[in-house]
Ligand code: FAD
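Single chain ahead, by itself, as structure tokens, in the form predicted alone.
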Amino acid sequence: MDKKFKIIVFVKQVPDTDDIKWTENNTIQRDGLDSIINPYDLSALQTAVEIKKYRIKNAEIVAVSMGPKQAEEALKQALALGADRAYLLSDRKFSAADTLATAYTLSQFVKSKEPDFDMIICGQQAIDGDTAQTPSSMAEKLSIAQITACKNIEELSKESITAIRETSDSVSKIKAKLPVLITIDATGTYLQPRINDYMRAQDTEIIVLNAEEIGADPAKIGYAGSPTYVKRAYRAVKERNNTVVTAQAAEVLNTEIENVKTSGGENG
């Protein structure tokens, strides 16, 4: 029997609100907040589902999240949307992790539990942090190729991938050998679970793992493994200064603009 083409999709549960509060360590206070799957991660999951549906028939999608017990809700949704299996990395030792500690934790999970993966697909960034650092750091720790800011996968086989990478100032076509990590620079999904999908999700066990079970070094996870910290967190105050222009003043301004156009700017 052929080995399944294994795709790992990392999903993050983020607050579904603009009313963010912070802890004494300037991390987000998540207790009591409604949460959703990070929109970029939904696009990553959709990409994995499309690969399984249209490109590689024996693909298997493994959804993974790191967070408290409530993150199981996000994984249940991922299962309903098309993931085949799910893991939750949950341990108080993981809390207050920066991007480096998070990348170490996730890569340690991959090495210890799913080392025979073919692809890792992540959202470009998380809307609660917007750093876009964790996926690239994880790829480095796994010593695999990475293609960030993917807009489209042109070709994919069990040996290689060709993807379109688009940034603010360039568009590139990149080919890489597998295994590979890609990030999807898009948000949202058209996927709509059916009742049978929800039922399957509820019947699928989510495997919960702690730090010891993935062989994580206590000095490299959570607050202890985070060399960066948030010095201050605050809500930006939006200030708008408005100038009221009367109809007479607007008419004078329009006349001056027409004069400049007529003179070709010769008078300044």
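If you're wondering where the values come from, they're calculated on a predicted model, not measured in any experiment. Throughout, we count residues from 1 along the sequence that is shown.
Although it is not shown, the form predicted in complex with this ligand is what the next lines describe.
Colleague: Among 123-131, 109-117, 190-198, 161-169, which stretch sits within 4.5 Å of this ligand in the predicted bound form, heavy atoms only?
Modeller: That would be 123-131.
Colleague: So which of 180, 96, 174, 156 reaches within 4.5 angstroms of this ligand in the predicted bound form, heavy atom to heavy atom?
Modeller: For this set of options, the contacting one is 96.
Colleague: Counting only non-hydrogen atoms and a 4.5 angstroms cut-off, does residue 70 reach this ligand in the predicted bound form?
Modeller: So residue 70 does not count as contacting this ligand.
Colleague: Hey, in the predicted bound form, is residue 66 touching this ligand, heavy atoms inside 4.5 Å?
Modeller: Yes.
Colleague: In the predicted bound form, is there a heavy atom of this ligand that lies within 4.5 Å of any heavy atom of residue 208, even though the partner is absent here?
Modeller: Answer no; every heavy atom of residue 208 is more than 4.5 Å from this ligand in the predicted bound form.
Colleague: For residue 230, is any heavy atom within 4.5 Å of this ligand in the predicted bound form, or not?
Modeller: Result yes; residue 230 sits at the interface with this ligand in the predicted bound form.
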